[in-house]
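Presented below, as structure tokens, is a lone chain in the form predicted on its own.
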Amino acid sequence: MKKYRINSGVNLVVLPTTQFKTLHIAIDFVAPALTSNISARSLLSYLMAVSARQYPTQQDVAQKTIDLYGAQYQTDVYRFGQTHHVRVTLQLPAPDYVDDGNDLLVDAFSFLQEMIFDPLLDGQKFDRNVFAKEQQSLINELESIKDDKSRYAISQLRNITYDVPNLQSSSAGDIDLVKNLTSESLYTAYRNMILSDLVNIVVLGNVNESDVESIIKDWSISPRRLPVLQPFYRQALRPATVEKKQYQRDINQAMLTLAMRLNVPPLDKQRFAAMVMNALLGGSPLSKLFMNVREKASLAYSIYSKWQYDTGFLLIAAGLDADKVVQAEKMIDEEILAIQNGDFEDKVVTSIKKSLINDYLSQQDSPNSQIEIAFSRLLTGSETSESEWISQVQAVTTNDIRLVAKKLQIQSRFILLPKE
């Protein structure tokens, strides 16, 4: 992957390809994830999606995307470890498929420049009407989390799992902090983001690299001192499990969620064994939790595990009847112990490895996956080739799976129960 250094703290990666009939542009603003800035950055992504000085209304923005041959323009926020990302993306037809291809390329980047760097302002603050509307939209989104019992349970588990406040809340922010924002304070947060964030730009499509580099240089993004970023987080072992139960009306099922510490160094080769172990435990249709807890014992309507590579925790979540919570957790413990003892079939592991590799290779057919991989490499400074990734997965042994499973240590438990 070739990286162009546009300026200090401003990077560009161009991925030339004729594989797709679309052009994809993604711009990432990266800063340390802090409780004090997450809510403002999340609200910024809302405002940047609907208005700019040249496009003051959402209808104006929509009309411009129509003019760009039906382009799809989006903004979002993400968290990876202790980094927070405001991402702007634009997908449109590849310039070589339209008559005015060169003009389309310039016009697309011009639109992004206006949406990002020329917001709709009223002096030194955001337009009050747009601000108030989008602030309420974000509040509504955060309030809706409680209506989704799975999302809500996982958010509560996150809150009691992490020792640092910046990982305890949603990457979309906190309702009270969002309510306390003003158009003036949000403009201050915007200036901090534009002037101080690490900026990573990824462009994928049939484009000339030098043309893209020239356009981005014309944006004149100011140099910035690189913020101290911690894309990976590892937490010390707690001496005791933190547990919380909560009763909620208007739900019929319970949610059992568990967070287990999996102390594998971020870039260690053992991460491949952790990946296979997670798929064997609950991360695939062939997993023990799915086949045994859900299918054979009928103890859960849904159940899965997910290894969070950035923070080193393995999450287990199950939707089930309230009277089956104790029995289901007992069986989950038994399935983990079985993996730790090597009680699993080689043919299942072989099938899981094959599935993981097929999923990985299928990502090469997805522009979004390729862009995500490029962003990950820019952020972590680590790059694993396709052949090495596949060989590392294939090399995982039964003993490797056993050993990494033995590192699982439960740290927190959140149970959401229906209130009678």
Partner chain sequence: MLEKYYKQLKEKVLIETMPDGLNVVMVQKPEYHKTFAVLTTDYGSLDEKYQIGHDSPKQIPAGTAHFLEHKLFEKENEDAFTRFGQLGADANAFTNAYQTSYLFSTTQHVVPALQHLLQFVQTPYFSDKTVAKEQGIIGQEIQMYQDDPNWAVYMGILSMMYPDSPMAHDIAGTQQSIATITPELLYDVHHAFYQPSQLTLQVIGHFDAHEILETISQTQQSFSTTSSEIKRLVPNVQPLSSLSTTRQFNISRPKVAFGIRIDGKPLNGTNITKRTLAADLLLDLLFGEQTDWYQKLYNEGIIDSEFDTSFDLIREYQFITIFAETTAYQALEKAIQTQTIQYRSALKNQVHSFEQLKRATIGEGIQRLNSLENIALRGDDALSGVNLFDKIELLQDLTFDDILVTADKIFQNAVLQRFVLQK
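Because the structure is a prediction, the values reported are computed rather than measured. Numbering follows the first chain given and starts at 1.
Beyond what is shown, the protein has a form predicted together with the partner chain; the following relates to that form.
- The candidate spot formed by Thr18, Gln91 and Glu143 lies fully in contact with the partner chain in the predicted complex, as each residue has a heavy atom within 4.5 Å of it.
- Contact with the partner chain in the predicted complex, defined as any heavy atom within 4.5 Å, is confined among 321-329, 215-223, 111-119, 177-185 to 321-329.
- Checking Asp147, Asp268, Asp76, Asp163 against the partner chain in the predicted complex, a heavy atom within 4.5 Å turns up for just one residue: Asp147.
- Interface residue among Leu195, Leu337, Val242, Val98 relative to the partner chain in the predicted complex, by the heavy atom within 4.5 Å criterion: Val98.
- Proximity of Leu361 to the partner chain in the predicted complex falls within the 4.5 Å heavy atom cutoff.
- At a distance threshold of 4.5 angstroms between non-hydrogen atoms, Gln246 is out of contact with the partner chain in the predicted complex.
- In the predicted complex, at least one heavy atom of Gln58 sits within 4.5 Å of a heavy atom of the partner chain.
- Residue contact check for Asp346: none of its heavy atoms lie within 4.5 Å of the partner chain in the predicted complex.
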